[in-house]
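Single chain ahead, by itself, as structure tokens, in the form predicted alone.
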């Protein structure tokens, strides 16, 4: 572990690794501090919903073609339970090959780190960052139980918020239940987002089945976790409806609480927080990881373009904050607004929402706007 580098990245998950890879040819000395001792073991076992814009970033990093377990999304069906009205987005209407993709978190993490192995970036495992801050001209981090001091012109915190420092903007009072399910009638390339009074439920294509994200109250989610497989599949069919002809298999059920949160100090002199360390969104519409990947790409572009003496300066990070502000705020507003609007079980509001979905289906320009925002965020890439 080096005591000083131009750029130190605290956190070697996909967002931190993507930032490191984007900086590999910048001429800057870059060091990644990762708490895991074995990079062959991913920090999380989960699936990721990637937008088409994220695929373009991974293409530019030279890793997209190395991913093997990729399920494309070419159609997105949006509906509301117990109400008329639906909207369908199609890739061909947006003149893109796919709207998005489902990939394995562990595979993406492994591919990014494999790409870093032969380059100039130094990846240090077993390096848990226990504290960080900024001082005159440098960012600093304490590493390990012995509080080893590491400094950098630019310290990027990409640890997913494990180091704390986030503030909760909204507690949704919901948990997300994640699982893999096999439908009776698999519809390849289709993703479904269905809104209910208890929260949204999403089905994403994943191999020969679907990745499931089912939100509900903590009590309801605990009930679902206790059900037998047959009972769970029956409950899911009743909740989701007949669009897939029911469900015949489930595995890998787990859950986590849902909040909207951000960092109180995303940017300090010579220190910046990106990805989930900076902001955590509701999983509706699958925007969270894509937002973090855009953070990493934007930060890498600014760091590569600026003079070394300007790296991490208040002026440089002010430019970063300004360029990210619209995208971050719009993504937070979009996901939060969807949850708050569609999770209220009010009959009048339910009919109004149904009418809105019907209108959206009849307005190609508005549908195009929504699709582009889901694929590329609030800025074009």
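Since this is a predicted model, take the numbers as computed values, not measurements. Residue numbers count along the first chain shown, from 1.
Below, we turn to the form predicted together with a small molecule, even though it does not appear here.
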Notebook entry, point to check: Might residue 110 be said to contact the small molecule in the model of the complex, defining contact as any heavy atom within 4.5 Å?
Noted result: no
Next item on the list: Answer for residue 216 alone: is it within 4.5 Å of the small molecule in the model of the complex, judged on heavy atom distances?
Entry: no
Margin query: Can you tell me if residue 30 lies within 4.5 angstroms of the small molecule in the model of the complex, counting non-hydrogen atoms only?
Written below: no
Margin query: How about residue 266 - does it come within 4.5 Å of the small molecule in the model of the complex, if we only consider non-hydrogen atoms?
Written below: no
Next item on the list: Only one of 289, 247, 240, 297 comes within 4.5 Å of the small molecule in the model of the complex by heavy atoms, so just point that one out.
Entry: 289
Note to self: Which residue, 172, 105, 180, 190, is the contact with the small molecule in the model of the complex, using a 4.5 Å heavy atom cutoff?
What the structure shows: 105
Item checked: in the model of the complex, segment of 64-72, 325-333, 310-318, 31-39 with a heavy atom within 4.5 Å of the small molecule -> 31-39
